[in-house]
Structure formats: structure tokens, C-alpha cells
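In the form predicted on its own, a lone chain appears below as C-alpha cells.
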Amino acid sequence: MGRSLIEKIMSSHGGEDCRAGDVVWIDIDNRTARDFAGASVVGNLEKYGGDSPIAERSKTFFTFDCNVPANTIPYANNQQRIRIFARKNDLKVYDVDAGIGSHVVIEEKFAKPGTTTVGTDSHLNIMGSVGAFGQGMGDVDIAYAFKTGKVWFEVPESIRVTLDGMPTAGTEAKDIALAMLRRFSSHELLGKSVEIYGPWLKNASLEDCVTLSSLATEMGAIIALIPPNDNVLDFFGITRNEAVYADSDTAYLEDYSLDIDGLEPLIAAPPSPTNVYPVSEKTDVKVDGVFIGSCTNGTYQDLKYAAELLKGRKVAPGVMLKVVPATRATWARLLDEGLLKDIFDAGGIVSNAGCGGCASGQIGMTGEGEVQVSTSNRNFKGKQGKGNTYLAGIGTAAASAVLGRIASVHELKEVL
């Protein structure tokens, strides 16, 4: 019987010929800690790490993205504590100007297909977008990974989901992710490694894959692994033989199909990412604000699309549009190409690269009673403030900002 993608990745990193249910120690290619919980990692290393607390410095680094630059004293203190530790131990810090750590790891080509990455980010399973393993863990586990270069896992069962058909024009990767959240809202994927296949994915961009995998946590899955297509392989400059794929005779725990043929734009109403409806059913909801960004929808492709939709249009009176690029490289490219000006001229507020409001950061928070459309991944109370947050794709977010109510991208195209 063949091996699933997660079994093959873990087997190649010290798990030998492991199968689902095995407890294995695996080698970690990239060990990271962000400003959230990073100081606790440092504390554990200082207390228990001994004279040489880091196993391999070239594979170990910190990423600041939750609150950048720090606008609270606790965050400022934590970030500075990390900087001091990093200087002492000759470790790289992707500081407050770098952007979202999970995106930086991919952008810098550390997380190549088939690699392993751990960190203090609950969405580090975004590495599944490139056919790699990623996992968020607690500060003690990450400190151990820094010290030894290894962590233990119980190899999860694997489920295959095949996306059948092709969505309509104007439907994005986020809508497909929301379709998966709507379908798998009863814990079918809980604790599982999910491999996603289908004709739409054959030509999906790297950014599309990032969006889809970034919502694995909200699906309850350990990770959503997408076998690398030609776009992903080209990004890393590798061939199919250098990536990792499941065996053709793999026996999956479950084998699901999800029909996305003709799929229209979707939106997740509060208080849960699984509370999904067609956008057309929520057009009577007035909005106070729109947030475009996060690890789910903060890439160059995402914000380029937003800028194209907003160009020549204006954000509705009384609506605040907040835009946060995922990384500094994305910010620079948008700046060089004049796309930030299109967003600015439409009435948008553009912040520096980072997580933004998604991580209770410095932009994107909502007040009590405020209604926000957000391209992020979570909408329960307190995650982005005390208001009511609806999760949607770029097209829906841009259209809602212009029309002042929840609207689909198809409506926006009628507004000059």
C-alpha cells in the first residue's frame, strides 16, 4: 500500500517508513518563532538551553509580524528581548519591517516542497500550499526544536478531497476555501492531513494555494497539503522529481468530492468561518469597514486585484478601508507599480507589512457594533475586535467598500 504525502514527508525527515498513528521524531528544516510567544521561547532557551541553546543557526530565526512596529509596551519589550537573544546567538531576525513570517519563509524559498517548518504561528500549516509540512506549536516545543532541531509528532491519518468542476468568473481561491469550510463544518477533517486535488488546482497560482491552505486550521485539519503544480515548481526552480507526491495506490481514511462547478462568491457570517452563505444572500448588510490583508489574502496577486477593482472608484462615505500587504517585498512591488496609489486615491488606508488587525494588531480592529468585511481567516468575537466580521475574498471586500454594503464583485463592475 502506498504512502500519503504527509507519511512521505515525515519518513524522509527521520520517521523512517512511518504510517498514520506512528509516533516519530522528525528533523525540522526551518525553526521559527514570531513576536507572539517568541519571548517565551527565549525564556525557555535561557533557562534550559545550556551554553549552546541553538542546534543549527542557519535554520533558526525569528519573525515579527503580529504587532509591527510594536504599539504596546509588552510587545515592544518582547521584541527587544528577542533581538538581544538573537544578537548573542547570531540568529537572523526578520524584524518589524519584514512582514508575515509564514509568507517570508515561502518568499525566501526556505519552505520548499517536501520540507518541514515549525513555529509559534497557528497558521504555519500554510506551508501545505507548496506541498511542504508546517505546524504551529507551543513555546516549549519550539524551544526544544531550536535546541535540538527535532520535534515529535503522531503521524495523522490522511483524507483526500477532490474539487470537481470549475467555478464561475469572479470566484476566487477564498471562495473555494469557504466552500470547503461550509461542506466540512462537522469535524470530518479534524486532526487529519488533507490532500486537495482537482482540475482547478492544476493551474492555480502559488497565491491561490496559499489562500486555500491558510484556512486548514479553521477546517480543523492538521494541514491542507496541495501537491505542487507547475506554477509552484517554477517559483522554486525545481522539477517534479525534486518535490514530494503521494503514491498513486495510497489508501486514504476518507475520500471526498466537493462540487465547485459554477461556484459563486461566498461569505462567512459571524461568529464562525463555517457559517457560509452566497454573497447574494447578504447584500442587505451595511458595512462600516473593510480589511484587506492577512496571511490568507495579503499577497501581491491579492492586492493587485484589489487595486485594479478600486482604480477610478471611491470607497463609500462612512466606510473605512484598511489594506495591509503581507510582506515588505509585496509592499515594494505594489509601490513601484503605482498600485498603492490606486488604493490610496480610492480612499484606502495602507499600513506597513504584517498581520494587521487579524492578530489584534495596529490596524483592522473593530468597535462594538461595527460591521466589517475582512479577507482574513477568523471572525469570532474578539479576534478582530468587538464588532461583527464577515470573511470574504478580495472581490467581495473591494465591492463592499465601494458600495457600503456587502456586495459581490459582479455588482462592483457595474459601478463606474
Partner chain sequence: MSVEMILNGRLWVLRENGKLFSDIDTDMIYHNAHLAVTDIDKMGQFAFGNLEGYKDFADKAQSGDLVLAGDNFGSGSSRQHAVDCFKALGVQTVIARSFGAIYKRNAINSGFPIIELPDLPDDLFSNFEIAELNLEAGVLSAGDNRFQGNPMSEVARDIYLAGGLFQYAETM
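What you see is a predicted model; the values in this text were computed from it and never measured. Residue numbers count along the first chain shown, from 1.
From this point on, the text means the form predicted together with the partner chain, which you will not see here.
The partner chain is not drawn, but in the model of the complex it has a heavy atom within 4.5 Å of residue 44. In the model of the complex, the partner chain sits beyond 4.5 Å of every heavy atom of residue 88. For residue 340, no non-hydrogen atom is located within 4.5 Å of the partner chain in the model of the complex, even though that partner is not displayed. The partner chain is not shown here, but in the model of the complex it comes within 4.5 Å of a heavy atom of residue 144.
A heavy atom within 4.5 Å of the partner chain in the model of the complex is found for one listed residue only; from 122, 71, 162, 283, this is 122. Only one of 238, 251, 140, 332 comes within 4.5 Å of the partner chain in the model of the complex through a heavy atom, and that residue is 140. Heavy atoms within 4.5 Å of the partner chain in the model of the complex belong, among the stretches 90-98, 229-237, 187-195, 313-321, to residues of 187-195. Heavy atoms closer than or equal to 4.5 Å to the partner chain in the model of the complex belong, across 368-400, to the residues 378, 380, 381, 382, 383, ordered by sequence position.
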